[in-house]
Ligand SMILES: C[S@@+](CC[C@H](N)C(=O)[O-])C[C@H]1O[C@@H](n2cnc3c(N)ncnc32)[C@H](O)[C@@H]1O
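Shown here is one chain on its own, the form predicted on its own, set out as structure tokens.
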Amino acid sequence: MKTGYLAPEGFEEELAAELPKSAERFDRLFLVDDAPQKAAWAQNIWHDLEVITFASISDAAKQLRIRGSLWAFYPFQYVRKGTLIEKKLPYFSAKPLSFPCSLPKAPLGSWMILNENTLLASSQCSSPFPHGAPNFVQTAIPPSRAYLKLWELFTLIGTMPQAGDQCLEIGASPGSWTWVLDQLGANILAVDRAPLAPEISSLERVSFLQKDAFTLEPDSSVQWLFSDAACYPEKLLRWLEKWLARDTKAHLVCTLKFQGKGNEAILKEFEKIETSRILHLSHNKHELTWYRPGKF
């Protein structure tokens, strides 16, 4: 059994560190002769890979159509031939998503050309988006593009704060995540040493506390806890452990921001937290997103 792991652009080495050294590499795509494993730095995982021999461009398209309706071509090599095959497949264009939205229901497969007469294809990928990257209709209102991380996460997990929910956001400045939560109708306590952007701090459902967020104690009224704070993951985990020790029911959404390599140990500590998951969103940079569902 082969499994493919597609790295986010620029983070191939981070993904390689999670996978067996025997993994075969095709630029961003790593092939492993084994069942799927956890890979936080994988933007998309290709399950149950098939090696398909084809006699012609038409035959290649036919072989793919037998296995699925919608396909995303990974253009590592033989790009011209792949483009000709792609033209013979059912037309697929990922329309920009208007948030809030649901995940696409139709499965999206991925494929590449190994050599002149061989395809590698997976009709079952971990992401329903082309190469794991959703395309949102963007807005110029928030003070930074960080809001896209929350849009992507909420779309992937299928849940988000509702009108009237109590949210705590630490490391909130300049306020892009706060803006998302306000748009959803939630009540937000935003905490940071730096001030929010004026257009965010003036929002009716936003309260701002200018202080060190890590001095805050757990609060049972919080239904969603968010952190996009610029801090070491170790510091964030020590603070979160206070909330977990109080058996908080809150949904927990945190960005894990790294400097350099050698982050495997702290990732394992976050992975040990029950029901949580770690993923690299297409709008993350040198960081991962950690999510633990709440009990509200």
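Worth saying up front: this structure is predicted, and the values here are computed from it rather than measured. From 1 onward, residues are counted along the sequence shown.
The same protein also has a form predicted in complex with the ligand, omitted here; what follows describes it.
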{"property": "In the model of the complex, segment of 87-95, 70-78, 117-125, 191-199 with a heavy atom within 4.5 Å of the ligand", "result": "191-199"}
{"property": "The ligand: the contacting residue among Thr139, Asn187, Ser144, Thr159 in the model of the complex [heavy atom, 4.5 Å]", "result": "Ser144"}
{"property": "Answer option from Ala265, Ala35, Val51, Ala230, heavy atom within 4.5 Å of the ligand in the model of the complex", "result": "Ala230"}
{"property": "Phe214 within 4.5 Å of the ligand in the model of the complex, heavy atoms", "result": "yes"}
{"property": "The ligand contact at Ser173 in the model of the complex, heavy atom, 4.5 Å", "result": "yes"}
{"property": "Any non-hydrogen atom of Arg28 within 4.5 angstroms of the ligand in the model of the complex", "result": "no"}
{"property": "Residue contact check: Trp177 to the ligand in the model of the complex, 4.5 Å heavy atom", "result": "yes"}
